[in-house]
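As structure tokens, one chain now follows by itself in the form predicted alone.
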């Protein structure tokens, strides 16, 4: 219980610090910095979490691991919904995303939601990168605190 609060507080302070330290011209770079931090954390965590796992048989199996095990270890709950079009696009839906639950459900907070989602997007991308999946991760909030992460696999 205490570790969850520490993680949430660390995330809030990290976002606040990066945005507070940025000059007016660098505000758009804040999201990139948070995403890069998340990428590195995701790489490290997935390395640790998959140390004793067997290889995943396919892309869908990797995504299921991400939704159940990885998300469960990081956020103490599983993803609520995983959808795919079987052409390299996956949508992960969390109906009560931990970093958005503390914010009010009013529309005025919708514009500040992206800065709190950059780190988790980077974490997902970093985790998948270490599993050999090159992708683009975006987040969308249509109603607080629900969040959808869209993962688009980059085929080479």
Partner chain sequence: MAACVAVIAKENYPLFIKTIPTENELKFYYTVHTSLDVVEEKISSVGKNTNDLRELYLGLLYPTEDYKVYGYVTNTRVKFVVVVDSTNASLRDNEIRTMFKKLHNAYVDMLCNPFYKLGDNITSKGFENIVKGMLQQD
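Because the structure is predicted, anything quoted here is derived from the model rather than measured. Numbering follows the first chain given and starts at 1.
This protein has a second form, the form predicted together with the partner chain, left out of what is shown; the following refers to that one.
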Taking 68, 82 and 86 together, does each of them reach the partner chain in the model of the complex with some heavy atom inside 4.5 Å? no
Would you check, heavy atoms only and a 4.5 Å threshold, whether residue 56 touches the partner chain in the model of the complex? yes
Does the 4.5 Å heavy atom contact test between residue 28 and the partner chain in the model of the complex come out positive? no
Non-hydrogen atom contact residue 96 with the partner chain in the model of the complex at 4.5 angstroms: no
Close approach of residue 91 to the partner chain in the model of the complex, 4.5 Å, heavy atom: no
Check each residue of 33 to 57 against the partner chain in the model of the complex and list those with a heavy atom within 4.5 Å, in sequence order. 40, 43, 44, 46, 47, 48, 50, 51, 52, 53, 54, 55, 56, 57
